[in-house]
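One chain follows as structure tokens, the form predicted alone.
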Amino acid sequence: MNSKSINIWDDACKQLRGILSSDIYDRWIAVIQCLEISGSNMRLAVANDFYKDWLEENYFPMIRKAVMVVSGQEMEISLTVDSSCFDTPKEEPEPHAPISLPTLGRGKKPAHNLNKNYTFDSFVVGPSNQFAHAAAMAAASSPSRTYNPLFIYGGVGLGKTHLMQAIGNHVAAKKPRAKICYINCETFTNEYIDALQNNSVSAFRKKYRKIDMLMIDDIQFLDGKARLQEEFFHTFNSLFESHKQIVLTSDRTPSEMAGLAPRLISRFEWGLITELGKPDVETRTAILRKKAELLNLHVDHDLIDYLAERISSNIRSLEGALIRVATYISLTNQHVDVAKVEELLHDLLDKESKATINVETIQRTVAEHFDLRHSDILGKKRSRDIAWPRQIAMHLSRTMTSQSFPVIGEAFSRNHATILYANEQVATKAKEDRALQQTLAILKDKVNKNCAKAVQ
């Protein structure tokens, strides 16, 4: 290959290194070899089909743009599989395989990575999470015999990881020799890629198919990754047929993942799907008091009540605010009133007030999506092209906010019975209508993005 080819590809890599994180660059770009540049054609190579498929699905437009920037022209880029270009051993010796099962000695607990503080005792139960908590308790008490798989979904910072790991800790306490694996989906993905790269897929499969309980956080990251879904499909089947418990968490329901294979959606729905909603103010107050007790923090109840009132987006932000206030009190030994709390937390409270999803944001987002005016959503017209989007907006207002039916009804100038009916209509139809499921997922994403813009 001539020096021009080397320079163009090297310069393109420098461009990509400046855009991507070092982990992503090392994993996906550094493994590419430039075989040839001839005129406006560039031929790149990777070691196997998995890399080729993943790069084409996720990073090819970025690669093409970087090459165009450094070469000054549009280039036809082809990506081929050519293992001869890569010095990779055909078989990794078993003693050096990067993936292994935890070692179990006589009387020893397995080397799982559960957070011991995530227990059922430290989980505060309220109306928004009561059913999910009960389902988790049932799965922990009778693994694989009640709800298998157990699928827990909800927004960021609402306690999905806590509840999942509480299941694992409960089982570990009752059965110390149980092989329990907790992992987030991103780590699972990276391990699979490493296994492919090191020719240790058999060790990867042994790890995940010879355990008693598999818990995967943020399973929505499987969405759109066909090769990884294929691998997980067989892992799921192996565990399920062996009567091993599977627990999954996600920020959305299986049916709302547009890029998830139907057969995986079907399997995720075999067990129980349960939602963690946003906690009401009473639950938020109880969470803060429990957290203060666990951490031995001394904060007046009136300040706790104030934080619970002001911060409603998620539990993580709520607990972070409490710790910030308690730390200030501890370091300064000063009395803190509400005015001082507002000063200490001005950035968080400002972000909270702007980012919290509200009914009006949902109404405007739905109106824009369906090419309507905001006044159409609030109006009285009952034509199908307006009434149906209006019902969708009512449904999203109920599922994406913590507002009650009467409050939502007031925002739509309707009574609460109308909101209840609309919510049930959309929810019922969404169970069987995949197109509607995807529309709802798209709208939720747009609502979240519109809220994020408000913060900036």
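All residue numbers are counted from 1 along the displayed sequence. None of the values given here were measured: they were computed from a predicted structure.
Form predicted together with a small molecule: not shown, discussed below.
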Determine which one of 310 to 318, 170 to 178, 358 to 366, 261 to 269 lies within 4.5 Å of the small molecule in the predicted bound form, judging by heavy atom distances; exactly one does. 310 to 318
Of Phe233, Phe123, Phe240, Tyr328, which one comes within 4.5 Å of the small molecule in the predicted bound form, counting heavy atoms only? Phe123
In the predicted bound form, which of the listed residues (Pro254, Pro143, Pro149, Gly159) lies with a heavy atom within 4.5 Å of the small molecule? Gly159
With a 4.5 Å heavy atom cut-off, would you call Lys431 a contact of the small molecule in the predicted bound form? no
Taking heavy atoms only, is Arg227 within 4.5 angstroms of the small molecule in the predicted bound form? no
Quick one: does Gln245 come within 4.5 Å of the small molecule in the predicted bound form, counting heavy atoms only? no
Heavy atom to heavy atom, is Tyr306 within 4.5 Å of the small molecule in the predicted bound form? no
The small molecule in the predicted bound form: contacted by all of Pro127, Arg289 and Arg382, heavy atom 4.5 Å: no
Direction of the Cα shift between Gln15 and Asn198 in the predicted bound form, where the change is 3 Å or more: farther
